[in-house]
Ligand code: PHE
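Okay, so here's just one chain, in C-alpha coordinates, the form predicted alone.
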Amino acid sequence: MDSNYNLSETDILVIKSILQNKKVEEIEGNKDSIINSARKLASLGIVEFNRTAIPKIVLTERGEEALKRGLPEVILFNFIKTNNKRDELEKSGLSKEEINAAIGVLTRGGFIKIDKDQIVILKDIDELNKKFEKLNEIKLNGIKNEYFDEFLKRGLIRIEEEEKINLTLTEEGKKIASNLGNLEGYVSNLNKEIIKNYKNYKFRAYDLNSTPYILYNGRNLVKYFIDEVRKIMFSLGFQEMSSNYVEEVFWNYDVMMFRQNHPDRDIQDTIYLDEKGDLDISLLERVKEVYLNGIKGLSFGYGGKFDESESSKLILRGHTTATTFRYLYYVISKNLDKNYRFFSVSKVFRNEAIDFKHLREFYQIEGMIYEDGLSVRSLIGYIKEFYKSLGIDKIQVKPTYNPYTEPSFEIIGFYDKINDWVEIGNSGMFRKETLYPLGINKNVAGFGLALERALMLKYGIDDIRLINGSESDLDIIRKYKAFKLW
(Lines give C-alpha, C1' and ligand atoms only; values in the text may rest on other atoms or scores of the structure.)
Protein backbone atom coordinates (compact mmCIF):
# COMPACT_ATOMS: atom_id res chain seq x y z
CA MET A 1 0.00 0.00 0.00
CA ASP A 2 1.34 3.42 -0.91
CA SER A 3 1.56 5.36 2.38
CA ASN A 4 2.10 8.62 0.52
CA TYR A 5 -1.47 8.58 -0.75
CA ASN A 6 -3.44 6.13 1.45
CA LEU A 7 -6.04 5.58 -1.23
CA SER A 8 -9.47 4.45 -0.11
CA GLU A 9 -11.69 1.89 -1.81
CA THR A 10 -13.67 4.71 -3.43
CA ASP A 11 -10.44 6.33 -4.66
CA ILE A 12 -9.40 3.07 -6.31
CA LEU A 13 -12.89 2.67 -7.81
CA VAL A 14 -12.64 6.15 -9.36
CA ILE A 15 -9.18 5.44 -10.84
CA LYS A 16 -10.36 2.12 -12.29
CA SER A 17 -13.43 3.80 -13.77
CA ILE A 18 -11.27 6.43 -15.49
CA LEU A 19 -9.17 3.62 -16.99
CA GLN A 20 -12.41 2.07 -18.28
CA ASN A 21 -13.42 5.44 -19.83
CA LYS A 22 -16.52 5.61 -17.64
CA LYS A 23 -18.26 8.93 -17.14
CA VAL A 24 -18.70 10.13 -13.56
CA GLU A 25 -22.45 9.47 -13.68
CA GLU A 26 -21.74 5.88 -14.75
CA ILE A 27 -19.65 5.05 -11.67
CA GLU A 28 -21.66 2.92 -9.26
CA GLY A 29 -21.89 4.10 -5.66
CA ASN A 30 -22.79 7.17 -3.64
CA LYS A 31 -22.41 10.18 -5.96
CA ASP A 32 -21.30 12.57 -3.21
CA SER A 33 -18.59 10.12 -2.11
CA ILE A 34 -17.42 9.71 -5.69
CA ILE A 35 -17.20 13.49 -6.24
CA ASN A 36 -15.37 13.97 -2.93
CA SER A 37 -12.95 11.20 -3.88
CA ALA A 38 -12.34 12.82 -7.29
CA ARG A 39 -11.61 16.14 -5.57
CA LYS A 40 -9.20 14.43 -3.19
CA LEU A 41 -7.40 12.72 -6.09
CA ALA A 42 -7.20 16.07 -7.89
CA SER A 43 -5.66 17.72 -4.80
CA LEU A 44 -3.06 14.94 -4.71
CA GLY A 45 -2.16 15.51 -8.36
CA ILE A 46 -3.48 12.10 -9.42
CA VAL A 47 -6.51 13.27 -11.37
CA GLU A 48 -7.45 16.35 -13.38
CA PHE A 49 -10.95 17.47 -12.37
CA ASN A 50 -12.84 19.62 -14.90
CA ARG A 51 -16.43 20.83 -14.72
CA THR A 52 -18.49 22.25 -17.58
CA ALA A 53 -22.04 23.58 -17.51
CA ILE A 54 -24.25 22.86 -20.53
CA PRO A 55 -27.39 25.04 -20.88
CA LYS A 56 -30.60 23.04 -21.17
CA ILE A 57 -34.08 24.39 -21.96
CA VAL A 58 -36.98 22.76 -20.07
CA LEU A 59 -40.69 23.50 -19.71
CA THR A 60 -42.02 25.03 -16.51
CA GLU A 61 -45.25 23.81 -14.90
CA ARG A 62 -47.02 26.60 -16.79
CA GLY A 63 -45.51 25.31 -20.04
CA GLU A 64 -46.53 21.73 -19.31
CA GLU A 65 -50.06 22.95 -18.55
CA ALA A 66 -50.11 24.84 -21.87
CA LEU A 67 -49.25 21.62 -23.73
CA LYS A 68 -52.01 19.71 -21.93
CA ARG A 69 -54.91 22.13 -22.40
CA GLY A 70 -53.57 24.49 -25.10
CA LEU A 71 -52.08 27.98 -25.18
CA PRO A 72 -54.36 30.59 -23.50
CA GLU A 73 -54.60 32.63 -26.72
CA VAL A 74 -55.80 29.57 -28.65
CA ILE A 75 -58.37 28.69 -25.97
CA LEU A 76 -59.65 32.28 -25.95
CA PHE A 77 -59.75 32.53 -29.77
CA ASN A 78 -61.84 29.35 -30.02
CA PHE A 79 -64.18 30.70 -27.34
CA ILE A 80 -64.56 34.01 -29.19
CA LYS A 81 -65.74 32.09 -32.26
CA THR A 82 -68.92 31.17 -30.38
CA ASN A 83 -69.16 34.09 -27.94
CA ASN A 84 -67.53 37.38 -28.87
CA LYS A 85 -68.92 39.47 -26.01
CA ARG A 86 -66.07 41.06 -24.09
CA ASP A 87 -67.80 40.93 -20.69
CA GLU A 88 -68.34 37.16 -20.96
CA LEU A 89 -64.76 36.11 -21.65
CA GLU A 90 -64.38 34.69 -18.13
CA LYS A 91 -66.68 31.87 -19.24
CA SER A 92 -63.76 30.63 -21.36
CA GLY A 93 -62.32 28.95 -18.28
CA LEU A 94 -59.23 31.17 -18.23
CA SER A 95 -58.22 33.37 -15.32
CA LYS A 96 -58.43 37.15 -15.63
CA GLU A 97 -54.66 37.31 -15.95
CA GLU A 98 -54.63 34.69 -18.72
CA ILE A 99 -57.45 36.49 -20.55
CA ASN A 100 -55.60 39.81 -20.49
CA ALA A 101 -52.38 38.18 -21.69
CA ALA A 102 -54.21 36.25 -24.43
CA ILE A 103 -55.98 39.39 -25.68
CA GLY A 104 -52.60 41.09 -25.88
CA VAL A 105 -51.13 38.25 -27.96
CA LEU A 106 -54.15 38.08 -30.28
CA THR A 107 -54.33 41.86 -30.72
CA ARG A 108 -50.61 42.32 -31.41
CA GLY A 109 -50.69 39.43 -33.86
CA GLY A 110 -53.59 40.98 -35.81
CA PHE A 111 -55.94 38.05 -35.11
CA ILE A 112 -58.64 40.14 -33.41
CA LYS A 113 -59.68 43.71 -32.73
CA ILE A 114 -61.83 45.08 -29.93
CA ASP A 115 -64.88 47.03 -31.05
CA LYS A 116 -66.58 48.50 -27.96
CA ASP A 117 -68.13 45.54 -26.09
CA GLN A 118 -67.44 43.00 -28.83
CA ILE A 119 -64.35 41.25 -30.21
CA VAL A 120 -64.01 40.95 -33.99
CA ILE A 121 -62.00 38.11 -35.57
CA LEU A 122 -59.69 39.33 -38.35
CA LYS A 123 -57.88 36.14 -39.39
CA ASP A 124 -57.45 32.49 -38.46
CA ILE A 125 -54.88 31.21 -35.95
CA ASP A 126 -52.68 28.91 -38.04
CA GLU A 127 -49.62 30.77 -36.76
CA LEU A 128 -50.67 30.12 -33.16
CA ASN A 129 -51.01 26.40 -33.86
CA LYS A 130 -47.44 26.54 -35.13
CA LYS A 131 -46.43 28.20 -31.87
CA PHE A 132 -47.94 25.27 -29.94
CA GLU A 133 -45.90 22.85 -32.07
CA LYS A 134 -42.74 24.86 -31.35
CA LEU A 135 -43.39 24.66 -27.59
CA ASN A 136 -43.73 20.89 -27.87
CA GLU A 137 -40.55 20.84 -29.97
CA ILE A 138 -38.63 22.54 -27.16
CA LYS A 139 -39.93 19.93 -24.71
CA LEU A 140 -38.74 17.10 -26.95
CA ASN A 141 -35.27 18.34 -27.89
CA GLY A 142 -34.49 21.32 -25.63
CA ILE A 143 -33.28 23.45 -28.56
CA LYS A 144 -34.01 27.15 -29.10
CA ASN A 145 -36.40 28.23 -31.84
CA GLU A 146 -37.92 31.51 -33.06
CA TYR A 147 -40.37 31.64 -30.10
CA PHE A 148 -37.72 31.12 -27.42
CA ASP A 149 -37.70 34.72 -26.13
CA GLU A 150 -41.49 34.89 -25.96
CA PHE A 151 -41.79 31.53 -24.18
CA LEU A 152 -39.10 32.55 -21.70
CA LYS A 153 -40.75 35.90 -20.96
CA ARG A 154 -44.14 34.22 -20.44
CA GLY A 155 -42.69 31.70 -17.99
CA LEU A 156 -43.43 28.70 -20.21
CA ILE A 157 -39.80 27.59 -20.28
CA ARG A 158 -36.68 28.06 -18.17
CA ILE A 159 -32.98 27.47 -18.66
CA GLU A 160 -31.23 24.88 -16.54
CA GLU A 161 -27.53 24.10 -16.64
CA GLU A 162 -26.68 20.44 -16.93
CA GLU A 163 -23.33 19.80 -15.31
CA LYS A 164 -20.71 17.55 -16.83
CA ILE A 165 -17.63 16.43 -14.89
CA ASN A 166 -14.61 15.14 -16.79
CA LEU A 167 -11.86 13.19 -15.02
CA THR A 168 -8.49 12.31 -16.54
CA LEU A 169 -5.39 10.75 -15.01
CA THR A 170 -2.23 12.83 -14.66
CA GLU A 171 1.20 11.29 -15.27
CA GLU A 172 1.39 10.55 -11.56
CA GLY A 173 -2.10 9.04 -11.75
CA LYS A 174 -1.03 6.74 -14.57
CA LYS A 175 1.86 5.43 -12.42
CA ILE A 176 -0.58 4.75 -9.57
CA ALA A 177 -3.00 3.06 -11.97
CA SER A 178 -0.28 0.70 -13.22
CA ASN A 179 0.13 -0.50 -9.62
CA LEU A 180 -3.56 -0.90 -8.77
CA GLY A 181 -3.21 -4.63 -8.24
CA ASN A 182 -1.12 -3.99 -5.15
CA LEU A 183 -3.61 -1.44 -3.80
CA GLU A 184 -6.85 -3.38 -4.10
CA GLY A 185 -8.39 -5.45 -1.35
CA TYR A 186 -7.56 -3.05 1.47
CA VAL A 187 -10.34 -1.92 3.82
CA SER A 188 -10.65 1.78 4.59
CA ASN A 189 -14.17 1.95 6.10
CA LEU A 190 -14.98 -0.12 9.18
CA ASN A 191 -18.25 -1.74 10.17
CA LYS A 192 -19.36 -4.28 12.77
CA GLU A 193 -18.77 -7.26 10.49
CA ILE A 194 -15.22 -6.20 9.56
CA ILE A 195 -14.24 -5.49 13.17
CA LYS A 196 -15.63 -8.86 14.29
CA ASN A 197 -13.69 -10.75 11.59
CA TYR A 198 -10.69 -8.43 11.30
CA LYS A 199 -8.26 -11.33 10.70
CA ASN A 200 -9.87 -11.94 7.33
CA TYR A 201 -9.18 -8.43 6.02
CA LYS A 202 -6.26 -6.29 4.94
CA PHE A 203 -6.44 -2.74 6.24
CA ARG A 204 -5.42 0.55 4.69
CA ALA A 205 -2.10 1.66 6.17
CA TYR A 206 -1.53 4.88 8.07
CA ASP A 207 1.85 6.45 8.71
CA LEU A 208 1.71 7.34 12.42
CA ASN A 209 5.25 8.74 12.41
CA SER A 210 4.66 11.45 9.81
CA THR A 211 4.04 15.04 10.87
CA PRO A 212 1.13 16.64 9.03
CA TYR A 213 1.14 20.23 7.89
CA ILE A 214 -0.68 22.13 10.60
CA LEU A 215 -3.14 24.83 9.54
CA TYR A 216 -3.95 27.04 12.49
CA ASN A 217 -7.43 28.31 13.16
CA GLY A 218 -8.58 31.40 11.27
CA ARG A 219 -11.47 32.93 9.38
CA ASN A 220 -11.97 31.93 5.77
CA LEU A 221 -12.07 34.18 2.74
CA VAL A 222 -15.87 34.53 2.62
CA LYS A 223 -16.00 35.88 6.19
CA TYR A 224 -13.18 38.34 5.50
CA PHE A 225 -14.96 39.45 2.34
CA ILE A 226 -18.19 40.06 4.28
CA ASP A 227 -16.28 42.27 6.72
CA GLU A 228 -14.88 44.34 3.85
CA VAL A 229 -18.36 44.71 2.33
CA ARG A 230 -19.68 45.94 5.67
CA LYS A 231 -16.85 48.49 5.97
CA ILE A 232 -17.62 49.84 2.51
CA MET A 233 -21.33 50.15 3.25
CA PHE A 234 -20.60 51.97 6.51
CA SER A 235 -18.25 54.33 4.63
CA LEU A 236 -21.10 55.14 2.21
CA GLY A 237 -23.35 56.16 5.11
CA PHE A 238 -25.46 53.01 5.42
CA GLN A 239 -26.81 51.56 8.67
CA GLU A 240 -26.95 47.78 9.10
CA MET A 241 -30.28 45.96 9.29
CA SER A 242 -30.90 42.81 11.34
CA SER A 243 -33.04 40.09 9.81
CA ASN A 244 -34.43 36.56 10.08
CA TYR A 245 -33.91 33.55 7.85
CA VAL A 246 -37.59 32.59 8.19
CA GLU A 247 -40.20 34.96 6.76
CA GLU A 248 -43.91 35.03 6.03
CA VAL A 249 -44.92 34.77 2.38
CA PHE A 250 -46.47 38.22 2.86
CA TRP A 251 -43.09 39.92 3.39
CA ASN A 252 -41.28 37.85 0.77
CA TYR A 253 -43.90 38.21 -1.99
CA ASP A 254 -47.25 39.91 -1.28
CA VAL A 255 -46.05 43.31 -0.10
CA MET A 256 -43.69 43.35 -3.09
CA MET A 257 -46.59 42.84 -5.52
CA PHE A 258 -45.53 39.41 -6.77
CA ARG A 259 -48.61 37.88 -8.39
CA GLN A 260 -49.97 35.02 -6.30
CA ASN A 261 -49.46 32.69 -9.27
CA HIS A 262 -45.91 33.93 -9.92
CA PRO A 263 -43.61 30.97 -10.74
CA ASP A 264 -41.13 32.00 -8.01
CA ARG A 265 -43.77 31.04 -5.43
CA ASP A 266 -43.87 27.43 -6.63
CA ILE A 267 -42.52 24.79 -4.27
CA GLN A 268 -39.88 24.02 -6.92
CA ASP A 269 -38.31 27.43 -6.25
CA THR A 270 -39.31 28.37 -2.68
CA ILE A 271 -38.66 26.33 0.48
CA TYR A 272 -41.89 26.21 2.52
CA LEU A 273 -42.13 25.34 6.23
CA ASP A 274 -45.01 23.71 8.08
CA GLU A 275 -45.80 26.56 10.47
CA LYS A 276 -47.62 29.89 9.96
CA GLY A 277 -46.71 33.37 11.17
CA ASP A 278 -48.60 36.38 12.54
CA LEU A 279 -49.38 39.37 10.33
CA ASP A 280 -50.53 42.96 10.75
CA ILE A 281 -54.09 42.50 9.45
CA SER A 282 -54.62 46.18 8.65
CA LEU A 283 -51.45 46.22 6.52
CA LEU A 284 -52.48 42.97 4.84
CA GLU A 285 -55.83 44.52 3.89
CA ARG A 286 -54.16 47.61 2.40
CA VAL A 287 -51.76 45.49 0.35
CA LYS A 288 -54.66 43.29 -0.80
CA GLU A 289 -56.62 46.36 -1.94
CA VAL A 290 -53.73 47.68 -4.04
CA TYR A 291 -52.99 44.18 -5.38
CA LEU A 292 -56.58 43.76 -6.62
CA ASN A 293 -57.54 47.29 -7.64
CA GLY A 294 -54.32 49.31 -7.92
CA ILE A 295 -54.08 52.99 -6.93
CA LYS A 296 -56.84 55.30 -8.10
CA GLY A 297 -55.63 57.47 -10.96
CA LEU A 298 -52.33 55.54 -11.23
CA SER A 299 -52.90 51.83 -11.84
CA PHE A 300 -55.61 49.16 -12.15
CA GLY A 301 -54.19 46.29 -10.06
CA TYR A 302 -54.07 42.61 -10.97
CA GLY A 303 -57.76 41.85 -10.42
CA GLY A 304 -58.77 38.23 -9.89
CA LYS A 305 -58.52 36.84 -6.35
CA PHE A 306 -56.19 37.32 -3.39
CA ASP A 307 -55.84 34.32 -1.05
CA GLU A 308 -55.06 35.68 2.43
CA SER A 309 -54.35 32.17 3.75
CA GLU A 310 -51.21 32.08 1.59
CA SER A 311 -49.80 35.25 3.17
CA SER A 312 -49.12 33.81 6.63
CA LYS A 313 -47.25 30.72 5.42
CA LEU A 314 -43.63 30.56 6.58
CA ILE A 315 -40.72 30.05 4.19
CA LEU A 316 -36.94 30.22 4.16
CA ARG A 317 -36.64 33.67 2.60
CA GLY A 318 -35.72 33.79 -1.06
CA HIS A 319 -34.23 37.30 -0.87
CA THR A 320 -33.31 39.87 1.77
CA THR A 321 -35.64 42.43 0.19
CA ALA A 322 -38.20 41.08 2.67
CA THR A 323 -36.06 42.74 5.36
CA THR A 324 -36.06 46.02 3.42
CA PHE A 325 -39.85 46.09 3.39
CA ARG A 326 -39.98 45.38 7.11
CA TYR A 327 -37.75 48.41 7.70
CA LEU A 328 -39.80 50.51 5.27
CA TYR A 329 -42.88 49.76 7.35
CA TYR A 330 -41.60 49.59 10.93
CA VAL A 331 -38.93 52.34 10.71
CA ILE A 332 -39.27 54.66 7.72
CA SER A 333 -43.07 54.94 7.60
CA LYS A 334 -42.95 56.08 11.24
CA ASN A 335 -40.24 58.69 10.52
CA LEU A 336 -41.09 60.04 7.07
CA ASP A 337 -39.20 63.31 7.55
CA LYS A 338 -35.81 61.62 8.02
CA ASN A 339 -33.38 60.25 5.41
CA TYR A 340 -32.20 56.64 5.64
CA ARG A 341 -29.71 54.29 4.03
CA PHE A 342 -29.92 50.67 5.18
CA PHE A 343 -28.00 47.53 4.24
CA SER A 344 -27.58 43.91 5.28
CA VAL A 345 -25.32 40.99 4.35
CA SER A 346 -27.13 37.76 5.08
CA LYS A 347 -28.11 34.38 3.69
CA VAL A 348 -31.02 33.57 1.40
CA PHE A 349 -32.36 30.22 0.28
CA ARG A 350 -33.52 29.00 -3.15
CA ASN A 351 -34.74 25.56 -4.11
CA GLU A 352 -32.79 25.40 -7.36
CA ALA A 353 -30.24 23.25 -9.15
CA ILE A 354 -26.66 23.70 -7.96
CA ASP A 355 -24.06 24.53 -10.60
CA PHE A 356 -20.90 26.61 -11.05
CA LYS A 357 -22.72 29.89 -10.31
CA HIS A 358 -25.80 28.80 -8.30
CA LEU A 359 -26.22 27.53 -4.73
CA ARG A 360 -29.30 26.76 -2.66
CA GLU A 361 -27.89 28.79 0.22
CA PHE A 362 -25.85 31.93 -0.43
CA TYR A 363 -25.21 35.48 0.73
CA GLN A 364 -27.01 38.55 -0.58
CA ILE A 365 -25.93 42.17 -0.10
CA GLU A 366 -29.13 44.18 0.39
CA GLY A 367 -29.25 47.97 0.09
CA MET A 368 -32.10 50.46 0.43
CA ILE A 369 -32.04 54.28 0.15
CA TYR A 370 -34.75 56.72 1.28
CA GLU A 371 -33.75 60.35 0.93
CA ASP A 372 -34.65 63.67 -0.65
CA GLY A 373 -33.82 64.16 -4.32
CA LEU A 374 -33.26 60.44 -4.93
CA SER A 375 -33.14 59.44 -8.60
CA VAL A 376 -32.08 56.59 -10.89
CA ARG A 377 -28.74 58.38 -11.33
CA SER A 378 -28.29 58.31 -7.52
CA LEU A 379 -28.98 54.56 -7.41
CA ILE A 380 -26.51 53.74 -10.18
CA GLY A 381 -23.93 55.99 -8.51
CA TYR A 382 -24.19 54.10 -5.21
CA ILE A 383 -23.87 50.74 -6.98
CA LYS A 384 -20.81 51.73 -9.02
CA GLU A 385 -19.12 53.36 -6.03
CA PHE A 386 -19.64 50.18 -4.00
CA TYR A 387 -18.06 47.93 -6.63
CA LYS A 388 -15.27 50.41 -7.25
CA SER A 389 -14.40 50.22 -3.53
CA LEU A 390 -14.22 46.44 -3.88
CA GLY A 391 -11.76 46.82 -6.75
CA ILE A 392 -14.29 45.80 -9.43
CA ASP A 393 -14.43 48.46 -12.16
CA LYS A 394 -16.08 46.75 -15.12
CA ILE A 395 -19.72 47.22 -14.14
CA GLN A 396 -22.78 47.93 -16.30
CA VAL A 397 -26.52 48.17 -15.69
CA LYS A 398 -29.21 47.22 -18.19
CA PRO A 399 -33.03 47.43 -18.07
CA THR A 400 -34.92 44.41 -16.74
CA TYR A 401 -38.28 43.56 -15.16
CA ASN A 402 -39.10 43.16 -11.47
CA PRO A 403 -42.63 43.00 -10.00
CA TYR A 404 -41.67 45.50 -7.27
CA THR A 405 -39.44 48.08 -9.01
CA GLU A 406 -39.88 50.39 -12.01
CA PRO A 407 -37.56 51.22 -13.61
CA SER A 408 -35.54 48.06 -12.87
CA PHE A 409 -31.89 47.35 -13.65
CA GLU A 410 -29.89 44.16 -13.86
CA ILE A 411 -26.27 44.65 -12.76
CA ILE A 412 -23.63 42.82 -14.78
CA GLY A 413 -19.89 42.57 -14.26
CA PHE A 414 -17.13 41.56 -16.65
CA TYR A 415 -15.68 38.21 -15.62
CA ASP A 416 -12.11 37.98 -16.92
CA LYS A 417 -12.00 34.24 -16.22
CA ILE A 418 -14.56 33.51 -18.95
CA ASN A 419 -14.12 36.76 -20.91
CA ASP A 420 -17.82 37.57 -20.67
CA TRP A 421 -20.40 39.57 -18.70
CA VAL A 422 -22.32 37.83 -15.90
CA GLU A 423 -25.26 38.91 -13.75
CA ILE A 424 -24.13 39.96 -10.26
CA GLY A 425 -27.15 41.83 -8.92
CA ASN A 426 -30.51 43.49 -9.39
CA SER A 427 -31.81 46.96 -8.56
CA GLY A 428 -34.48 49.58 -9.17
CA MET A 429 -36.81 52.25 -7.85
CA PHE A 430 -39.65 50.76 -5.80
CA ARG A 431 -43.05 50.93 -7.49
CA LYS A 432 -45.64 53.27 -6.01
CA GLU A 433 -47.91 50.23 -5.52
CA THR A 434 -45.43 48.71 -3.06
CA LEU A 435 -44.99 51.94 -1.08
CA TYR A 436 -48.59 53.21 -1.03
CA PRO A 437 -49.89 50.63 1.53
CA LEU A 438 -46.97 51.61 3.81
CA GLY A 439 -47.85 55.31 3.64
CA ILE A 440 -44.64 56.29 1.83
CA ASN A 441 -44.74 58.84 -1.00
CA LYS A 442 -41.03 59.67 -1.44
CA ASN A 443 -38.76 57.78 -3.88
CA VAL A 444 -37.07 54.66 -2.52
CA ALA A 445 -34.25 52.83 -4.31
CA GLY A 446 -33.06 49.30 -3.63
CA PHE A 447 -30.48 46.77 -4.77
CA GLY A 448 -29.64 43.13 -4.11
CA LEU A 449 -26.10 42.01 -4.93
CA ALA A 450 -24.67 38.48 -5.03
CA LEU A 451 -21.77 38.37 -2.58
CA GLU A 452 -20.17 35.15 -3.80
CA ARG A 453 -20.27 36.28 -7.43
CA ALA A 454 -18.54 39.55 -6.51
CA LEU A 455 -15.90 37.49 -4.71
CA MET A 456 -15.50 35.27 -7.79
CA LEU A 457 -15.00 38.32 -10.02
CA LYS A 458 -12.41 39.82 -7.69
CA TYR A 459 -10.31 36.68 -7.30
CA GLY A 460 -10.96 34.93 -10.63
CA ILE A 461 -12.57 31.85 -9.04
CA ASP A 462 -14.53 29.92 -11.67
CA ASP A 463 -16.87 27.81 -9.51
CA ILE A 464 -19.04 29.16 -6.67
CA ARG A 465 -19.05 25.74 -4.98
CA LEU A 466 -15.34 26.10 -4.26
CA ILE A 467 -15.90 28.97 -1.82
CA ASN A 468 -19.23 28.20 -0.17
CA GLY A 469 -20.99 24.93 0.59
CA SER A 470 -20.21 21.27 1.15
CA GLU A 471 -17.77 21.09 -1.79
CA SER A 472 -15.61 24.02 -0.68
CA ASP A 473 -11.97 23.77 -1.67
CA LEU A 474 -10.00 24.62 1.48
CA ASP A 475 -6.87 25.37 -0.53
CA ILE A 476 -8.73 28.09 -2.47
CA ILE A 477 -10.38 29.48 0.66
CA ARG A 478 -6.96 29.74 2.36
CA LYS A 479 -5.08 30.92 -0.72
CA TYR A 480 -6.20 34.55 -0.81
CA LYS A 481 -5.37 37.07 1.85
CA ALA A 482 -8.17 39.46 2.66
CA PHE A 483 -7.49 42.79 1.02
CA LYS A 484 -7.34 45.90 3.18
CA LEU A 485 -8.79 49.28 2.34
CA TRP A 486 -7.54 51.06 5.48
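The structure presented is a predicted model; accordingly, all values stated were derived computationally and were not measured. The numbering used is simple: start at 1 and walk along the sequence shown.
Omitted from view is the form predicted together with this ligand, to which the following refers.
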Q. Of 350, 326, 158, 288, which one comes within 4.5 Å of this ligand in the model of the complex, counting heavy atoms only?
A. 350
Q.
Looking at 92, 311, 402, 260 here, can you tell me which has any non-hydrogen atom within 4.5 angstroms of this ligand in the model of the complex?
A. 402
**Q.** Interface membership of residue 446, this ligand in the model of the complex, 4.5 Å heavy atom rule
**A.** yes
Q.
Can you tell me whether residue 366 touches this ligand? I mean in the model of the complex, with a 4.5 angstroms heavy atom cut-off.
A. yes
(Q) So in the model of the complex, is this ligand close enough to residue 428 to count as touching (4.5 Å, heavy atoms)? (A) yes
Q: Would you please decide whether residue 265 lies within 4.5 angstroms of this ligand in the model of the complex, comparing each non-hydrogen atom pair?
A: no
(Q) Given the stretches 31-39, 433-441, 59-67, 446-454, which is the single one in contact with this ligand in the model of the complex, using a heavy atom cutoff of 4.5 Å? (A) 446-454
